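Presented below, as structure tokens, is a lone chain in the form predicted on its own.
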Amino acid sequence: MQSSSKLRGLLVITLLPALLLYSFFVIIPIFWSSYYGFFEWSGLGDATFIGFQNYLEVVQSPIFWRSFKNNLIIVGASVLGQVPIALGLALLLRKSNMFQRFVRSAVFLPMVISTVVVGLIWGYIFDPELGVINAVLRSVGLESWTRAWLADPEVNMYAVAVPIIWNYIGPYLIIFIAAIQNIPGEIEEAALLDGATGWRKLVYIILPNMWGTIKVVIILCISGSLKAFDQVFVMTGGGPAQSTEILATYMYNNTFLVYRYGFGSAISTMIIILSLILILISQVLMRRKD
């Protein structure tokens, strides 16, 4: 009993610095931002208390809901793109020979590159005149398919989602490989003796044992997609005509370009609320699946 108390005390002592830093840099700013959402403030001078006016303006703004819709496109593309691709690669690369370690490093490499650099690279790839995509289409006789990928409102949000998917497959790949390697070997051996191979082994052995990890990855996908900013800001800045505006760029433009710090704080609070709602919905749906 005494050793258990000492262990808990040690855990508290070791975790306390991280919790304090997290509270100081994350939790407190969230509440501080929510507080400033009740004020009209330009960033200089005195702030004027206006109650819920900023929050009402946010929920009544068609641009805000268009931005949320664009964010949902990114969320859907990330969950349906990053998770299956990372899981498939994890199943192929779970062994640890030289070739598979090289492929793992190559898949993880985009995560190491600055997101601003990623945005610049893909901006050039999607360039209508000099971009690789249009050049390849022209070379194979599909010139009618070429277009200004980042300027066409019909496709630009899907084009913007591609580098976000590509950028974050690596971390989820590592998480999935770790989860697969933690499946007890006895279970896999028993499954083989019972004739569970191929797809049956995947469906009845691997996926059920990884389900907790998959749920965590989906939560990370949703939260990460709702705070996406860098790539979109670098490639389009939310344009043209706000057709690629997402919640983070909408908040940034209102806060730092037109100096409405109170309104921008209200937007950031709404982003957090919407993130929690989507995560809660995903948890309910996955609990039913479980």
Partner chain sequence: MGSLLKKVSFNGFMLAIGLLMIIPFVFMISASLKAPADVFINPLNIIPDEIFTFNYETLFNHEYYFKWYWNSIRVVVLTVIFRGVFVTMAAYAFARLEFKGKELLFLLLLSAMMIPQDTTIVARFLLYGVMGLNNTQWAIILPATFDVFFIFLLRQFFMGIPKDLSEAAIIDGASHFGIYFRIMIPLSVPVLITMTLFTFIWTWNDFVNPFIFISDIEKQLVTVGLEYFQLEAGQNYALQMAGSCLIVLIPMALFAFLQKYFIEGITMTGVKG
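Positions refer to the first chain, counted from 1. On a predicted model such as this, the values are computed, not experimentally measured, just so you know. Each form is matched to the other, and the largest set of C-alpha atoms that superpose within 1.5 Å is called the rigid core.
Below, we turn to the form predicted in complex with its partner chain, even though it does not appear here.
query: Looking at 174, 80, 137, 187, which has any heavy atom no more than 4.5 Å from its partner chain in the model of the complex?
result: For this set of options, the contacting one is 174.
task: May I ask you to choose, among 142, 155, 202, 116, the residue with a heavy atom within 4.5 Å of its partner chain in the model of the complex?
output: Residue within 4.5 Å of the partner: 116.
- prompt: Can any non-hydrogen atom of residue 7 be found within 4.5 angstroms of its partner chain in the model of the complex?
  reply: Although its partner chain is absent here, residue 7 would touch it in the model of the complex, with heavy atoms inside 4.5 Å.
- prompt: Taking heavy atoms only, is residue 120 within 4.5 angstroms of its partner chain in the model of the complex?
  reply: Result yes; residue 120 sits at the interface with its partner chain in the model of the complex.
- request: Evaluate residue 227 for contact with its partner chain in the model of the complex, applying a 4.5 angstroms cut-off between non-hydrogen atoms, and reply yes or no.
  value: Residue 227 belongs to the contact set for its partner chain.
message: Is residue 161 part of the interface with its partner chain in the model of the complex - any heavy atom within 4.5 Å?
response: It does not: once its partner chain is placed as it appears in the model of the complex, residue 161 has no heavy atom within 4.5 Å of it.
field: its partner chain in the model of the complex - contacting residues of 253-277, heavy atom within 4.5 Å
entry: The stretch 253-277, when checked against its partner chain in the model of the complex, contributes 255, 256, 261, 268, 271, 272, 275, 276 at the 4.5 Å heavy-atom cut-off.
- request: Kindly check if the Cα atom of residue 148 is displaced 2 angstroms or more between this form and the one not shown relative to the superposed rigid core.
  value: Residue 148 C-alpha, core-superposed: shift of less than 2 Å.
message: When the rigid core is used for the superposition, does residue 182 move between this form and the one not shown (threshold: C-alpha shift of 2 Å or more)?
response: After core superposition, the displacement of the residue 182 C-alpha between this form and the one not shown reaches the 2 Å mark, so yes.
- prompt: Taking the rigid core as the frame, does residue 132 move its C-alpha by 2 Å or more between this form and the one not shown?
  reply: No, residue 132 moves less than 2 Å.
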